[in-house]
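So this first bit is one chain, no partners, the form predicted alone, shown in C-alpha cells.
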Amino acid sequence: MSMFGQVYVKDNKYRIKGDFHHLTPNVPIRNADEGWKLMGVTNPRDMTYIHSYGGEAQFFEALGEGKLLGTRCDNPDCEFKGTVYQPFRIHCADCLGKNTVFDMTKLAKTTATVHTFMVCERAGAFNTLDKPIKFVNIEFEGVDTILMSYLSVGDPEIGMKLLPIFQTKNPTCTILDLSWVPAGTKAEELPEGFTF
C-alpha cells in the first residue's frame, strides 16, 4: 500500500515523501440504449498538489490559534498610509510596500457587521460546507476592505453584528478555520471543533 504524499521544508527546500499520483483502472462507458455499446472509458486520477502560502502562512496558522490577523500600510511615503486590509495582504495595493501584520481579533469581535450576504443552495464539486451556505461580506470599523466568509449559525441580515469563531480543534490551515455567528450566540451552539 502506498503512502499519500507528504511535504516538509528543511534547509529552505521542499522535502517530498510518498506518492503524489494514484492511478485507478479505467472503467468502460457503455450506452444502455444501444445494447451496451462501448462509448469510451473513464480516466480517473488522484493527484496531490503542493500549495505554498508564502507570507500568508502566518494568517492561516493564526486562525487555528483563535486569532484573526490583518495588515496595515505603515509606509510614511505612501499616499494612503494607514490603510488596513482584511483579507490579509502582504503588500500595500498603492505603494507596493510590505504591510505591517497586526492582531485584529478584538476589533473583529467588537465591530464586525454584515455588509451584504448571499445564500447558496447548490455548490461546486469540492465544496465541504453544509448547504445552504450563508456567505457574508463583513465590514469592520477602520478597515478599508471587506472580508467574504460564511455564517455558521442563524440567518444573515444586513447590519447584523457578528462574532468570529475559529476551528481550534484539528484546524485545516485553510480559510474554513474561520467562520462567523451572530453576536449573542452561545458556545454550545457553535459547530463542532469551533471556539470563540
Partner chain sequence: MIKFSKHQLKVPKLMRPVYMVTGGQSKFDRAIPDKRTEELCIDALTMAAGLINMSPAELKSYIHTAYYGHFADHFGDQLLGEAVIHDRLGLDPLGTIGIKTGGATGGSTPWEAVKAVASGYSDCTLAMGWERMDEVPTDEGNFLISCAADKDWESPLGHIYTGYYAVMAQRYWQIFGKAEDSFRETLAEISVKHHGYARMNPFAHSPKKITVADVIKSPVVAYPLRALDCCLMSVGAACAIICDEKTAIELTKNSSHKPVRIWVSAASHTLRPADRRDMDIPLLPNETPDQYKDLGKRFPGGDRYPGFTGFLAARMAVWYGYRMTGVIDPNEDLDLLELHDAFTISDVQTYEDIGVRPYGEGRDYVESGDCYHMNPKTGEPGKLPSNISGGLIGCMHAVGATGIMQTFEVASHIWNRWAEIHGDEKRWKEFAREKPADWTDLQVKGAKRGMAISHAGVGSHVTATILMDPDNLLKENA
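Predicted model, so just to flag it, every value in this text is computed and none were measured. Numbering follows the first chain given and starts at 1. Here, rigid core means the biggest group of C-alpha atoms that superpose within 1.5 Å across both forms.
Unshown form predicted in complex with the partner chain; subsequent notes refer to it.
Heavy atoms of N127 reach within 4.5 Å of the partner chain in the model of the complex, making it an interface residue. For the chain shown alone, H51 is a contact residue for the partner chain in the model of the complex, at least one non-hydrogen atom being within 4.5 angstroms. N99 falls outside the set of residues with a heavy atom inside 4.5 Å of the partner chain in the model of the complex. Of the heavy atoms in D103, none are within 4.5 Å of the partner chain in the model of the complex. Of all the residues from 107 to 132, those having a non-hydrogen atom no more than 4.5 Å from the partner chain in the model of the complex are H115, T116, F117, M118, V119, C120, E121, R122, A123, G124, A125, F126, N127, L129. Once both forms are overlaid on the rigid core, the distance between the two CA positions of D33 between the shown form and the other one is 2 angstroms or more.
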